Structures are given as structure tokens and as C-alpha cells.
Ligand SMILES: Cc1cc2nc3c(=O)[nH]c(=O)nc-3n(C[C@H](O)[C@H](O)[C@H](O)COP(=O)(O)OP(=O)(O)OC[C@H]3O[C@@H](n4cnc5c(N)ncnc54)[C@H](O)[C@@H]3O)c2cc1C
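What follows is a single chain, given as C-alpha cells, in the form predicted on its own.
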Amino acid sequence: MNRMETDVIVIGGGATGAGTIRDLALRGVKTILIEKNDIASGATGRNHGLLHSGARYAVKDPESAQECIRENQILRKIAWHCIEDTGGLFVTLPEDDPAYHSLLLDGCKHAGIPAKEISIKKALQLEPNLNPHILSAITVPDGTIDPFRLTSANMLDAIERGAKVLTHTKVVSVIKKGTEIIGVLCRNIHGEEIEIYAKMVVNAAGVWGQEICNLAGIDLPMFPSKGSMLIIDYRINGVVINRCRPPADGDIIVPGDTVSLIGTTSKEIPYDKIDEYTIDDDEIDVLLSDGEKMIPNVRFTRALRAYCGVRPLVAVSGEKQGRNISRGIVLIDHKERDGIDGLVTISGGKLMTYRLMAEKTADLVCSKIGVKAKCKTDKIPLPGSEHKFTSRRTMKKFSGIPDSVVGSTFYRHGQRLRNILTTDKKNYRLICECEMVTEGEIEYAIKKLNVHDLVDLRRRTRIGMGPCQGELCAYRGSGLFHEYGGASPEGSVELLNDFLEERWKGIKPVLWGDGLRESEFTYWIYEGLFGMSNLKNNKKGLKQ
């Protein structure tokens, strides 16, 4: 059995776990992160990618609103390459209570959120596709943030500072000495077992944190709340559109990269269903119907895919219903709560406050292991955001490469663009036309960003996330795993099959009209042309 030693173990590869190992690495603390799947494969990668201004919480949860606007301002400085400053609007529809408009303005004022009432004419100038019958509008400093890019950048910085990241590795038990946890036993994707010993263990496993606590003999009940979202096939709005009413289903449309996203529902689910990512027909109906009320053009779009995530909610004040449980940060020292030393749990919160959650966690961990170094993550930029320079200067540096290719790679990787693009035509040939992903970017991800399969690659580069959903790029990407990742030809086919199966999960709930025709064409390519189900070593085949 392999044995490793470190100062701190972090369980969970979402934004909070990634932020925690980065924070600790910056303080000089040796850390190993363990994730049972890939980075951002839980709630971090299953949200609407909103750079919250905090206005959504300003009326009911002012503490969360204040946290959001502070982190909003910090992330714009340290993670600018992960952010698009779209701006946001809160609009009152004819059926909404007009009084909420004033409540929102007052709440934003007290939380320190720059919110301003504007005329309907001005709102329609900012967002021409907006419903022209709105009653009022408020501007807020919302934006969009790529959760995969953000998580990957935190991981990359931590690794470059000495941390270790073990993805596709599951914690199967904890190692205890009396009432103290001194390590964990893990099993990786190859079935190998690893013992890791540490002074402290951080449970940042999101909704799966209840299972980690159970391994330690601790009862930490969570109340899973499923949120479903719908992606439409092109970018229908340029500004984040929020409905000016108390939080409810289908009250936001977020522009993201080449598409737009309608969100979000909230449904309580049993804890034993947290790994079953199913979207119900009634949720899709609500999202389409309410989305159309904000932007009427939704009725002319194609539903590209639907997906859902499970919020890691911990009820600390008696509430046991999804929207009633605070999205606030929950940090637990299990020595104080349960008499078990060596373990802390960080949960609750939201993507917007991941850095603050990591800071609070690192502060607690450092106080327990005798490290006096302070947090630096609010000042030191993430890899890719080291020095902000203009797209014009970037284009000039890569003269000879199409501007669209340079621009899209710069958009995803910021300054790390210089480690990816070269003037070799093979390097910048397009693999994914929808998202403008080049062969050089895929090579960089496979070699430098801890990528094991095409699903991992999607999270690093957005390959397969555009309108064709991998129809014309997945087979090219799988071939590059043979060239750059050491996969056998048969292994590359298995990676391709697994990727198509994963994409199918999100396409299936919206299979009608143009989406159905697109899926039939994809089936013809991979089954009729390539004969996927007949290929040797292909375990499942494309049978849907």
C-alpha cells in the first residue's frame, strides 16, 4: 500500500476545496487534495455561473449579500480571465409585486451594492431582447464567471506552489487514533489503495460531506436541494436578467460564452438520490415559460440541454426546506462540536463566496496546527490573471494566427495563452469550432491540467459545450488522447463512448424538435458512419 504524509488533507475538488489548498499553499502549508471524480464535478460545475452582485439576497439575507459584493470586487481583480463583466438587470414584470422594487433598492443600499433605478427605455437599450412590457428596472454589478476555469486556476496555482491533487481518488475510510483523525485511506481509479497521514483533514466535499462525517462516526445531516437549469442554443442576452421578486424558480437568464442559461429550480430530494442527476418535465416547463416572460425570444430558441446540481445545505437554525435554508457559510470544528479532533467541515455558501470560505477554513486550520501566516488570496492573482493586458496587445503578439482563435484562447486562459499558442499551424488548428478550441489548447490541458478523459477535458477547454454538443469535435478530441495522453486506440474509443454517454444525459430531457433532429444526426455519425457499437473493446456502444 502506498503511504503519503502531509500537513493538511482537503477532501473535495470543487471551488471551495481548490480555494482552500491554494490558500494553504500560499501560507507555506503542505497540502494534498482528494477528489473522487474530477474537479468541479459537483455543485461547483452545476450552477448558472453567475458573478453575484449580492442583490438576489439583499432583502432576505443581508449578510450573504454583503459577502457577495465584497467577493465580487475581489474576484474582478484576482480572477479577471474567468469573468465577463456583463452587468445585470432586475426587472419587474406586469404580474410581479411592484413594491419589491423599492425593497430591493433599500436592501442593496444597506448591503453596499451599487444598484440604480433606470428607465424602461434605458433598460431596453442595454438589453434589446428584454420584454418591452416591464414595469421597472434596476442595474446591478452582476457578471458571469466560469466555474471550471476558476477551479482549475486555483488548482494550478496550488500545484505550482507544492500542493498535490489526486483526482478520481475516493476516500473509503478515515484513520483514527483514539478520538483524533490522523489521516484517510483512499482508492484511486486503478484500484490502488493509498494511506495519507496529516495533522488536519478538511471536509470540503459539498453535499457528500455528510458521508465523510459518517466515516468518522459523526452525524452531520444535510438537506439536499436540487436545482435544475436549461441551456438554450445561442446567446440570447448580453446582460444578466433577474426577475425583481423574492427568489423563485425560473427567475434568471445568464449569458455564458456562446449560449444562455435559464435558472433555477429548487426541489427537496432524499439524501440517497444525490447522485441521480435527473431533470423533471415540469421543471423544464417552468424554466421555458418563465424565461419567455423575461425574454420573449426564448420561444424561438432550441433547448440545447438541461442539467442539475445539488446544493450542500446545512440547516443550523431549524429550517429544513431548500429556499428557506440560508446560503450562508457553515464552518464546523468537529473537536468543539463532536469531540473528534483533526477534522473540520466547510459547507453552505455559494460559488461566489468560495474564496472567503477557503480563507475562513485556512484560518481555522492554521490556528490548530500552529501556523501564523495570513491569507493572501485576496491580493495575489490566479494563474492567467497575473497582469491584465489588452486583447489588442495580445493579437499583435500572435500575428499570423486568426484573431478569433487568439481571442477565444485568451478569453479562457488569460496570460497562460503564452504557454499554449504557437505559430505552428498544427498547434492552432481548430478541434471544436463551436467554442474555438485548438489542438494546442487540448495538448496543454492533457499535459498540464490533470486531464484523464474527454469529460475532464471539457471542463478545462469547453470542448463539446457548444451548440453541436460534441457532435463534430468529440472524435477529434479522443484521437488527441492517443497522440498526447498515451491512450491506446481502443482506449481512445472508450473515452469517446463515455463522453457521448455523458453528453446524452443532458440532451435526453429536451429531446424534441431541432434537438431531436440534431441527436439523430449525431447518432448517424457515430453509429452509422463510425459503427461505434461494433468497435472492439467498446463496452456500451451508442445505443440511445
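One-based numbering along the sequence shown. Not measured: the values here are computed from a predicted model.
Unshown form predicted together with this ligand; subsequent notes refer to it.
- Exactly one of the stretches 378-386, 79-87, 343-351, 421-429 approaches this ligand in the predicted complex with heavy atoms within 4.5 Å, and it is 343-351.
- Checking C244, L130, M229, V365 for any heavy atom within 4.5 Å of this ligand in the predicted complex turns up a single hit: M229.
- The single contact residue among L496, A58, I69, I34, judged by any heavy atom lying within 4.5 Å of this ligand in the predicted complex, is I34.
- Contact with this ligand in the predicted complex, defined as a heavy atom within 4.5 Å, is made by none of N154, V202 and T361.
- Residue contact with this ligand in the predicted complex: G42 places a heavy atom within 4.5 Å of it.
- This ligand in the predicted complex comes within 4.5 Å of no heavy atom belonging to K109.
- Taking the partner from elsewhere, N47 is found to have a heavy atom lying within 4.5 Å of this ligand in the predicted complex.
- Although the partner is absent here, A15 sits close enough that one of its heavy atoms falls within 4.5 Å of this ligand in the predicted complex.
- Contact annotation for 254-293: a single residue, T264, has a non-hydrogen atom within 4.5 angstroms of this ligand in the predicted complex.
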